[in-house]
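Below you will find one chain, with nothing else, as structure tokens; this is the form predicted on its own, and questions on how it binds or moves follow later.
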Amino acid sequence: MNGNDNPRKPILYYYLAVAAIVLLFNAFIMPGLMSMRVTQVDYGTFLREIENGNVKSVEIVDDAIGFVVVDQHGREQIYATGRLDDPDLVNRLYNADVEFMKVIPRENSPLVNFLVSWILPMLIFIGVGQFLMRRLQSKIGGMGNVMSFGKSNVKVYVEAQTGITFADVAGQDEAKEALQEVIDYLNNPEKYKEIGAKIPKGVLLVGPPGTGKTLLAKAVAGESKVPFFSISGSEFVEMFVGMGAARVRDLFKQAQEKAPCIVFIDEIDTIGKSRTSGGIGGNDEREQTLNQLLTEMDGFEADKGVVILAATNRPETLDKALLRPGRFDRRVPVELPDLRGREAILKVHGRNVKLDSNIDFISIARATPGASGADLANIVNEAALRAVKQGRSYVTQHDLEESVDVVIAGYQRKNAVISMKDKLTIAYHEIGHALVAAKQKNSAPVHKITIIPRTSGALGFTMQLEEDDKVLMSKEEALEQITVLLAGRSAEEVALGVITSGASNDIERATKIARAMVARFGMSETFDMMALETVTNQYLGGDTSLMVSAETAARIDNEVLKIIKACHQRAIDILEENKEKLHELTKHLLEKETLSGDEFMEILNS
């Protein structure tokens, strides 16, 4: 749709249609309806009805006579006839004892006739039309925004309405510190102005989904004593070109009227994507909205007290002009929490549920490396739901541990029917993972082994827990991880001499680590420290893309295969050396279906 099109044209057409309907109604339909009430007869019929005594009353006007006739059944009928020059009419009516009168003409003013005949019906039609149009707009959703062109759907919060403060946000101390500076400036701008410091106009919150970017923004609203505007980037984008830009103008107009204040734009990558010349025509609506946002951010001074907060998990797609100094010139990472951060988050969410006295959150935090704040909140909630199902009014440590398994692998499939042959294969597979992990010096300790199937499709799993989070991974650790992943299939080969499909996920993860070693980590002697691929989506899946020729890609594949084969053989060698323990541990796992890490190590070392 062209930006010059007027969205009110359909309404104008509607009004013209109403006027035409009113004209036709007054010209043709109304006279017909009025004429249906009166029967016209000739003057002779009028005189005969008088002589027969059937006429009850007569009304005489200038050029017509109206009279009421009562038939033999007592029913009344109105008739009309033209008026003739009849001097004896009055005597004839008087002698027949008929009520008669001459109507005194009284004409309405032309203005009243016009209002009643034209304006009043038109107003009725327009009122009914507007009512039906609003009903239609409310049913079809977004089309209703046509009538509110240029108005932003911004939500305004103050401290009392959010109910969230920094005390409700855990595991993001650095982000809280950066945002605390913004809040302090809004509450005490004088001390910053005195030294000549300027607060950043825009603060960009970046991080994976579920880490608490929107929660941090709401906490800013709870901590701040100024108005807080919240809107999603998708609300700027509409089907009409120019509407997004108009909404940006309206948003900043409202913000400047209520300064000092904070404006929060969630998922800003919706409108802030880089403007490229690759496409034909581009996205006019999104680019116009982005241009307007850039203009508005340049249009106010920092000392006015309007601070823009924005959140995204795709910072690499944002336009460079949006990130330059003077616009979003401060980036606050909201990363996945570390071990202590996960423990703090669990405690925050644990405040809202009844807990047993011996809850150990640090062990749950160790069991959830890579979990976001949203994942940890879900774990606490799943534990509370499990406690209710078990008929208890409080959450135990076992509830939390089971909820970790639920989030990782899904609910237990208690009614799943698995043959003893398949169950034996699964047991050897999981013991293979655990045994190889225990026999290597850099592998994390085994925490739990189970062969209970889960709703995610996992037929069993082996859980390893690190004592602390690791930020670096050595080449030896990477190779040992691959070896542990391939040990499940290796155990099937060593113990049963079979190869099954149960190792598909292990193979996928092992190949991913091996490829990263070669292409990104510089852990290959063939390619040394040459960068061969890049991460294109850091926070959403970590997708990668190769930057090499087809010949080099083939060499990379050969190098990855060499690593996989070496680790596979290493796993087989370890299992062959400990074949008796492999059979013994598998027997115990088949009997109990679940072994703790302590039970596993006790049997292994016996």
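Quick note: we count residues from 1 along the sequence shown, nothing fancier. Not measured: the values here are computed from a predicted model.
One more form of this protein should be noted, the form predicted in complex with adenosine-5'-diphosphate (ADP), which is absent from this view; the next part is about it.
Contact annotation: adenosine-5'-diphosphate (ADP) lies within 4.5 Å of heavy atoms from the stretch 209-217 in the predicted bound form, the single such stretch among 209-217, 486-494, 83-91, 392-400. Taking the partner from the other structure, adenosine-5'-diphosphate (ADP) in the predicted bound form has no heavy atom within 4.5 Å of any heavy atom of Ile231.
When contacts are judged by a 4.5 Å heavy atom cut-off, Glu382 does not count as touching adenosine-5'-diphosphate (ADP) in the predicted bound form. Though the partner is left out of this view, Ile345 does reach within 4.5 Å of adenosine-5'-diphosphate (ADP) in the predicted bound form, counting heavy atoms only. Remark: Val169 counts among the residues lining adenosine-5'-diphosphate (ADP) in the predicted bound form, judged by a heavy atom distance of 4.5 Å or less. Only one of the listed residues (Gly373, Gly222, Gly460, Gly244) places a non-hydrogen atom within 4.5 angstroms of adenosine-5'-diphosphate (ADP) in the predicted bound form, and that residue is Gly373. Note on contacts: among Ala478, Leu465, Ala377, Ala178, the single residue with a heavy atom within 4.5 Å of adenosine-5'-diphosphate (ADP) in the predicted bound form is Ala377.
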